[in-house]
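Only one chain is included here, represented as structure tokens and corresponding to the form predicted alone.
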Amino acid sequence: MPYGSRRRSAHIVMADTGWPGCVKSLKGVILDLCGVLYDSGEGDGVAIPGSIEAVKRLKESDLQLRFCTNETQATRKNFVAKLQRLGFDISVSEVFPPAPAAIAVLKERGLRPHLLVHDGLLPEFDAEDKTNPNCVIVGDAAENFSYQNLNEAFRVLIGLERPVLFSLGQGRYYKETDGLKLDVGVYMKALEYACDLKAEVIGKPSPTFFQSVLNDMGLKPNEALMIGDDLVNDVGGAQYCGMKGVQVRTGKYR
């Protein structure tokens, strides 16, 4: 249950009364990954106690299960391989990160990206035309968020007649094993401010992103439950789409 101020407590209690009906209609569960199942960090990171068993129990139930993440530091294949090494029974087809969705948008709109992303994500875009870019894609680039790289992305955008900025998520921060780290949303906001534009978010909490997961499950929003550690992007995004949202007390939960 998401935390809140005293002013919101009555609303939260009222929300509690709806849970029995929600459980009866529930046909699918969508899980966030980082902060819910594992904490990223040195090496593969570490599984959160009980998370491997929780995934196993969900898979043994009659509920559909998918994993919805804003992970943008590795290709989907390499990311899932890491989760498998940690002990999770997860396949590539069950995981929905922003990069494949972004590539679909590029193809649909005939766009050529300038990439400000983590080196581990670059192979996802190998097949895309990046010459003479007419848009910028920013992901969680970590150490690649240097002044030089941010300024290069700024120059691409400011030089376009109709600048287009895609952000692979809009999180403020996330948790690694050695503490909290700034997330992509911070740098997205810097480019928005500098270029006087609004980024198009691909990833949570985008309704289109959530709907793509629901479509894959063949479920209506009221038949699915989203579990995450981010009150805005996980819980709030799911609730905006008509799903139920639950916040865990791990990961970035404060």
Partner chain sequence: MPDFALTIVLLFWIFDFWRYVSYFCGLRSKIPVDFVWTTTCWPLPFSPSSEPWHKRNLFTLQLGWGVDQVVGGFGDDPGVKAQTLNLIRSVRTVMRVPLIIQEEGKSHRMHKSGKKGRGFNPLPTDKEDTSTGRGKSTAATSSMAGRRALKAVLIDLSGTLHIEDTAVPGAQDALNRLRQAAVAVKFVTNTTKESKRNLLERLQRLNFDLQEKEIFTSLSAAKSLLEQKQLRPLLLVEDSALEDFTGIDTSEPNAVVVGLAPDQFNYQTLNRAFRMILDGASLIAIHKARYYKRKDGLALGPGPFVTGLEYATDCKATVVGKPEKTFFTQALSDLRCSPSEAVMIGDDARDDVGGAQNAGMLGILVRTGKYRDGDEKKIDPPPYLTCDTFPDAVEHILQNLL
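Keep in mind it's a predicted model, so treat the numbers as computed, not measured. Numbering follows the first chain given and starts at 1.
A second form of this protein, the form predicted together with the partner chain, is not displayed here; the remarks below concern that form.
- Note on contacts: among 125, 145, 166, 96, the single residue with a heavy atom within 4.5 Å of the partner chain in the predicted complex is 145.
- Interface residue among 53, 62, 196, 42, judged by heavy atoms within 4.5 Å of the partner chain in the predicted complex: 196.
- Remark: residue 75 does not count among the residues lining the partner chain in the predicted complex, judged by a heavy atom distance of 4.5 Å or less.
- The closest heavy atom approach of residue 254 to the partner chain in the predicted complex falls within 4.5 Å.
- Proximity of residue 35 to the partner chain in the predicted complex: non-hydrogen atoms within 4.5 Å are absent; the residue sits far from the partner.
- Using a 4.5 angstroms threshold between heavy atoms, residue 179 counts as touching the partner chain in the predicted complex.
- In plain terms, the part of the chain that comes close to the partner chain in the predicted complex, with a heavy atom within 4.5 Å, is 148 to 156 out of 128 to 136, 104 to 112, 148 to 156, 82 to 90.
- Contacts of stretch 165 to 190 with the partner chain in the predicted complex, defined by any heavy atom lying within 4.5 Å, are made by 170, 171, 172, 173, 174, 178, 179, 180, 181, 182, 185, 186, 187, 189, 190, listed in sequence order.
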